[in-house]
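Take a look at this single chain in structure tokens; it is the form predicted alone.
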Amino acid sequence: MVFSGARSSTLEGSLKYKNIFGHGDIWDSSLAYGCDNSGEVGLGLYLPRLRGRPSPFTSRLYLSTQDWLKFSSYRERALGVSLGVLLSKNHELGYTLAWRNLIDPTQMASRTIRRQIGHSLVSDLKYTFKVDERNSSLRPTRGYSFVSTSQIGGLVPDSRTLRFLRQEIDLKYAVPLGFYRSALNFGVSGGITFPWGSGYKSRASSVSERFFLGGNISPVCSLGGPSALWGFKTRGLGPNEPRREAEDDKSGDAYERDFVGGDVAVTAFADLSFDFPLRWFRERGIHGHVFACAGNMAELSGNKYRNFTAPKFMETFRSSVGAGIVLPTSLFRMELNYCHIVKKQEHDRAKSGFFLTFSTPSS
């Protein structure tokens, strides 16, 4: 099956084996490969009950590669295991232990990226509180959702362990307007991450744990934290640094800077959806929408919090507006939009024009 996400199309396949041991267990193996040379191989287990309690348990062993050469001059490889327990309908606890390696095969990465090249150990505990009372994840017309994710990394006594704190919140609300099945969706997301331990004020946060904005996804159906901004490319805004030398990508664009992410990020959006008058469109769920979004991020770690001010953060907000046609299916939300960039900053990768986006609802 093919899905299109924030960066590129991905080919995914999986095999599932059910009830092998007679406890409702589900075993699965999966393989995913992206057109940008990213990929993942995984083996997973799902148990509907944990030690006799009605708390679903999941575990997964994975080997993954993320290719960020085009945007940030590094490639990330990880081998790890993740565990998760759904404590109740709204509460979930997860743990990840992974060996991560960042490499720079081009030898042209910026200073911030070069300082983080090498191996590291990830050991983090994550707690998620989630409430989703919307009537649909693909085209919500009433209800609200709230997600809060708290994460602490560095739970093993090893000098190569990444020690960080991370908090994300996401709030969305849908209000029906009473005509042509119209609804106003609006939302705000925010996140902050920071190192902890000895010398945390002067130590830079891990680039893999930072926030990046932009990408080919819709904020209407995505949950979890700040990420999407219509009209801005993946990792196409925020703190950036010059590379050692210019690099031409395959499309002929000269990308001479690495986007290094932010320690604090905020996004907001408003989306007005409505049915078309023609019955043919209404029967197939095809509808229109107009939208606006804004967002920004900044660095705090590595003593850069000293240069952070709220007025400057507000002045450098990016924003865009637009309109389009939405085709929701049972698997994804497809949009054909015209987007106009209202405000961007120097070196941002954004442009006005038509965009075709595919978004899957967050689980």
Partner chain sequence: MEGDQDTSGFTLVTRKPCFGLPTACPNCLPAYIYLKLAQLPFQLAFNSTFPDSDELPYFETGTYVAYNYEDGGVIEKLKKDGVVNLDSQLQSLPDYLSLKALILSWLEEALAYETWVGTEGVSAWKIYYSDLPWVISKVLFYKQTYMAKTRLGIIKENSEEREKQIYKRASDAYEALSTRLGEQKFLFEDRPSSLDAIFLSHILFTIQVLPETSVLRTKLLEHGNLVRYAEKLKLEFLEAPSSSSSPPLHSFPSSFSRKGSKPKSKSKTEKTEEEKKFKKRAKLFLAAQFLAVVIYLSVMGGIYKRASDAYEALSTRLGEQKFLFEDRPSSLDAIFLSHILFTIQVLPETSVLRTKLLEHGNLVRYAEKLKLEFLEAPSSSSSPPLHSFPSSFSRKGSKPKSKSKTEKTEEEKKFKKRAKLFLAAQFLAVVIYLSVMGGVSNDELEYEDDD
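On a predicted model such as this, the values are computed, not experimentally measured, just so you know. Numbering follows the first chain given and starts at 1.
Beyond what is shown, the protein has a form predicted together with its partner chain; the following relates to that form.
Can you pick out, from Lys201, Arg160, Arg282, Arg142, the residue that has a heavy atom within 4.5 Å of its partner chain in the predicted complex?
Contact with its partner chain in the predicted complex is made by Arg160 alone.
Find the only residue in Gln167, Asn90, Ser120, Asn135 having a heavy atom within 4.5 Å of its partner chain in the predicted complex.
The option sitting close enough to the partner is Ser120.
Considering only heavy atoms, tell me if Arg235 and its partner chain come within 4.5 Å of each other in the predicted complex.
Result no; Arg235 lies far from its partner chain in the predicted complex.
Hey, in the predicted complex, does Arg60 get a heavy atom within 4.5 angstroms of its partner chain?
Output for Arg60 is no: heavy atoms all beyond 4.5 Å of its partner chain.
Classify His289 as contacting or not contacting its partner chain in the predicted complex by the rule of any non-hydrogen atom within 4.5 angstroms, answering yes or no.
Residue-level check for His289: no, no contact with its partner chain.
Can Lys126 be called a contact residue for its partner chain in the predicted complex at 4.5 Å between heavy atoms?
Contact with its partner chain, no.
Would Arg77, Thr193 and Val207 all count as contacting its partner chain in the predicted complex, using a 4.5 Å heavy atom cut-off?
Per the other structure, none of Arg77, Thr193 and Val207 touch its partner chain.
Can you say which of 171 to 179, 219 to 227, 152 to 160, 271 to 279 gets within 4.5 Å of its partner chain in the predicted complex, counting heavy atoms only?
Going through the listed ranges, the match is 152 to 160.
From first to last in sequence, which residues of 104 to 133 have any non-hydrogen atom within 4.5 angstroms of its partner chain in the predicted complex?
Heavy-atom contacts within 4.5 Å come from Asp104, Gln107, Arg111, Thr112, Arg114, Arg115, Ile117, Gly118, His119, Ser120, Leu121.
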